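Consider the single chain below, provided in structure tokens and representing the form predicted alone.
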Amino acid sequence: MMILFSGTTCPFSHRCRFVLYEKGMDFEIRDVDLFNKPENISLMNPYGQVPILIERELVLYESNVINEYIDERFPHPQLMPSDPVQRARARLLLFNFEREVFSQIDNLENKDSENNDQARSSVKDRLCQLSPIIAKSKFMLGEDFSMIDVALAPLLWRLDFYGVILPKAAAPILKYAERVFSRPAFFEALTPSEKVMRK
């Protein structure tokens, strides 16, 4: 059985919980106190962060790596495109989101950071750029729910909590977010601490 070491408010852990519930498989989630991490976390991940996935002898960390492994191990429903070209494009999009959007998470979570306003502005601008794309389709890669949607969902859920206010021009992004939030697996993946993050 897979074991996921997960932070109860960590957006990256949230991604992995979302995929596990989407796949509808047997797994165990072990909540980790992010402010008082057990010593074994650093033994499993040299960066001392969650999420961490363990299956038998395999130990994985980094949410996108974990999620791709789960997707390949349990291919139904498939979350990465089957076509190699489309899969490469999806990976590039995930990489860009990590560099341009999710790199701001630490600053967003640290309300006292002098970079907090800049981080909110950066995330808002990037999401606004996605608005015309998502206005034309149901999900990020078209009509099918994919790993790109999984990656973005925890951030979109936390926009209020992070103080990111999107303009009216970003309405398609907010409608898209509601489509993703309405998935049963997304709701199941929320921890009690995450449920109260959104008004």
Ligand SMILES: N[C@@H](CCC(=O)N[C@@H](CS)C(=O)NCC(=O)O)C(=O)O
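Owing to the predicted nature of the structure, the values given are computational and were not obtained by experimental measurement. Residue positions are given as counts along the sequence shown, with the first one as 1.
What follows is about the form predicted in complex with the ligand, which we do not show.
Peer 1: Since exactly one of 29, 130, 164, 34 fits, which has a heavy atom within 4.5 Å of the ligand in the predicted complex?
Peer 2: When the ligand is considered in the predicted complex, the option within 4.5 Å is 34.
Peer 1: Could you tell me which one of 180, 10, 190, 19 places a heavy atom within 4.5 Å of the ligand in the predicted complex?
Peer 2: Result of the distance check: 10.
Peer 1: Among 134 to 142, 147 to 155, 166 to 174, 60 to 68, which stretch has residues whose heavy atoms lie within 4.5 Å of the ligand in the predicted complex?
Peer 2: Only one stretch passes the 4.5 Å heavy-atom test: 60 to 68.
Peer 1: In the predicted complex, does residue 48 have a heavy atom within 4.5 Å of the ligand?
Peer 2: Result yes; residue 48 sits at the interface with the ligand in the predicted complex.
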